[in-house]
Every structure is written in C-alpha cells, then in structure tokens.
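Below you'll find only one chain, the form predicted alone, shown as structure tokens.
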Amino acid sequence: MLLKQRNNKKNSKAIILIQNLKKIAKGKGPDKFLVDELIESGESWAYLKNENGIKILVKENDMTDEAFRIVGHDIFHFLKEKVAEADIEGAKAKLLPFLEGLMLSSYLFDRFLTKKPSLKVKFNCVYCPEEINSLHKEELINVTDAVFWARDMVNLPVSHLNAEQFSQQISELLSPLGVRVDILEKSKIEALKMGGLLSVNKGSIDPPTFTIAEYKPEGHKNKKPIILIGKGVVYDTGGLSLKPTPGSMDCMKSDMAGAAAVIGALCLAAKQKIKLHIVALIPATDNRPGMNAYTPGDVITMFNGTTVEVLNTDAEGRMILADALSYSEKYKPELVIDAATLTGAAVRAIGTHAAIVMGNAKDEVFDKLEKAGVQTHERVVRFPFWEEYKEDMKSKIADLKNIGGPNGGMISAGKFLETFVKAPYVHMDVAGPTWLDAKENYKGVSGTGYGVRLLYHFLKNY
C-alpha cells in the first residue's frame, strides 16, 4: 500500500484526490459538480462520472470515525472492482479514519498462491488539506505496515513459522529501527530455569525461544520501562489434553496473535519515535503431544521458583507467560501489560468485538487503554479482578494449579498470572478479536492484527 504526495496526476494509476468540501458547501466552486453524472449512490458516498473521469464523493456528515473507516473499506473494494483510476473527495474532518479503513482493506495474504491476483492497487495522495500533513500520511503508512506484519505472522502456518522463525522475523522487523533484539535459545532458557516455557515445549521437536526487544530512545520520559509481554504459542494442539472440539485446531496458528500485536505496537513506537522506554518479552514455542510432552499431574517449577500443578496441558499460555512476567522484574518496570489469546471463556463472554482486560494497575491506566480502544475501535471491556478468583487456582500439592473451575476462567487465569508479577499489571485476553472466521469490513478474515493500533495509541498518549 502506497500513500505519498504526488504532483503529476497523469502518472498515477489510482488516485485519491482529497479536497475540502466545506468550500463547496459555502458556494465556492460548485460549477465542477454540474457536469457530474451520478452512476451509483450509497448512504455516505456517491460514484460519479464526468469528462475528467471517475470520482468518488465521500459525503460530509456526522458519522463516527469507525463508520468512515468502513466507508473507506467499501470504496476500496468498489474502486478495485470497477475502475483503475479515480479521484476521491472527502470531508477533511474524517479524512484520516477514512484513509485508514481504505488502506487496511488492501491487505492480501497471497504468499502461498501459485497464481497471484493480477490487480495490485496503489493509492497516491495528490492533494490533502493543510490539516493532513506529511507526518499524518507517514503515520498512516506505518500503521498499515505494522498491522499487515501482524496479520502475516498470524496467518502463517507453523510449517513456515516455528518459534525460531518467529523470533527471526521479529529481529528483522525491529533491528533496523534501532531496537535491540536478543533471542535466547533453548540452552539459555534452560540455564535460566524457565520451567513453564520448557515444559510446554517438551512435546515438540522444535526448540523454544525467548525474545527480548528493547526500545530506549534518547530523552525517554519514563524513568522505569513499560514492559509488553506477548504469548507466542506458534501452534497449539492442546498437548496431551488434545483439543476435543472438531475444527478447534484449524485456526491454532493464531495462538501467537498476542505476541504479534505487542511487536507490531513496538515497531510503531520506534518508527514514530515515541519517547518511551519500552521492553517487549516474547516466550515462543508450539504445544504438541509428542516427544516427552508434559502431562496432566506434572508439577513444574517456574522461573521464580513457584511450583505449578498441571491439570490441563491446553492451559499452556499461562505457563509460558508466567516465566516472562517473572523475568520482567529484572527491569523494575512501572507497568507490565501482557496480550494473549488465553481463554475460550473470553470469547464465550463477549465474542469477537472486543478484548477482555483486567489487572491491578491504577484506574487511570485502564481509562487510557479504554480511550485508545474507542479511538481505534479495538475496544476493551474491563472485568473484575477480585481476590476470590485466586482461590480457584490453589493446588493441594503445589503452590498453584494451572486451571481453575468451570466458571470465570478468563479471570482466574488472570489471577494466576498476577502472582508472577510485582509491578502494576494489566492482563489482556485477546482471544476473540484477533481472528475472524468470516470477513468483517477492513478487518478482513483470519488474522486481524487486533491490538497493534490499540497498544500503539495507548503508548502514544501515555
């Protein structure tokens, strides 16, 4: 997707011409509309033709930003199907979300198609109102690229993205941006005694990795870093507690969507030069029932010395996250946020339209996260985090067990994780919105890239 300033209209293959409709509303220059032939009209846009070619008119109204993103999606597909070149005119007040929706709609995962789609639309912004400057356009491009990277990672099958390959992809993305990336291999993970990550990995022939990505710009505003932790299970069979529902493994390449979101947000923070010290921690492995797989009944000693009784090997995400949360204490952070496709309970509770958040951080942190969610339409719903839920995670033979009772599983899982972190903590269960079985406007189908824009705007406004 290309969005840049262009002055030579004749050289553009597909053109977005963005003008200020308020001038027209005031009666300045209305003659240009007299020769327009209305071909088709929607509630918020119209498809017109005149002697100069095709024009898409985005109608000026009081719709929400999200509605304008969806208009952008509709117009993208309209243009792609009907015309090779068009001018687009829109109200400047909603121009950015409109362009965001249009650009995000252009995603195509065609890596494994032997016959690639012939149409590749490129958008060149030949004119923007003064309020939309080069920095806005650069941010739009960077956001699109980061979301597309996250979608690619989620959509790649484990045959092309095991833990080592995922870590390498992270390094290739972040290292050129001045982010320090250290990839801990299995021998180092063993030396650190990360029992949770190692136990989940025991059923796989592919080794685990633990990736540390540190962005520390000059003049950063926070004395203590913000830690972002992403669940990096590149494929989840459930282990020996094999997933019982038919078809429930079909999308389990997406079980690293939390890690993809965290890294995408960090990539944006670095590209946009946000003055925050941020560290991302990504424990990565697949979860399989082979080799010497860990079993229900095992007792695992975690990185911080806590013992955990394993009652279900499909509750693996919390096992690897626990080690990362404990490791984060090394940085003495001011805030720790994890993102994980952790529980089916979260999906059953609120579906795919939002993520569930909980934790012990101050209310103002959650307020900022919720505000970022409204801004991006990557919404979050805060759940209670009462101590009573921790009772479900107590074991009779170890300090904790890795699964609670039949109810409130997304909260008891969060309480389990809380015991491994000392800093103010936010847990995000993103199991619902990171994967879609059916296409949904600019979010597409399969991996959505949910969380990249949410976390970026949270950090931007922190």
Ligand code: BES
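Since this is a predicted model, take the numbers as computed values, not measurements. Don't overthink the numbering: it's just position in the shown sequence, from 1.
The discussion below concerns the form predicted together with the named molecule, not included here.
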>> Please tell me whether the candidate spot formed by Ala265, Glu378 and Leu455 is one where all three residues come within 4.5 Å of the named molecule in the predicted complex (heavy atoms).
In response: no
>> Taking the named molecule as it sits in the predicted complex, is Ala293 in contact with it (heavy atom to heavy atom, 4.5 Å or less)?
In response: no
>> At 4.5 Å between heavy atoms, is Leu417 in contact with the named molecule in the predicted complex?
In response: no
>> Even though the partner isn't displayed, in the predicted complex is Ala431 close enough to the named molecule, meaning a heavy atom within 4.5 Å?
In response: yes
> Looking at the partner-bound form in the predicted complex, is Asp314 within 4.5 Å of the named molecule by any heavy atom?
Replying inline: yes
> Pick from 193-201, 208-216, 172-180, 229-237: which stretch has non-hydrogen atoms within 4.5 Å of the named molecule in the predicted complex?
Replying inline: 229-237
> Using a 4.5 Å cut on heavy atoms, which of Val279, Ala345, Leu335, Leu79 is close to the named molecule in the predicted complex?
Replying inline: Ala345
>> To verify the annotation, which of these, Ile403, Ala423, Ala46, Met63, has a non-hydrogen atom within 4.5 Å of the named molecule in the predicted complex?
In response: Ile403
>> Do any residues of 224-262 have a non-hydrogen atom within 4.5 angstroms of the named molecule in the predicted complex? If so, which ones, in sequence order?
In response: Lys231, Asp236, Lys243, Met252, Asp255
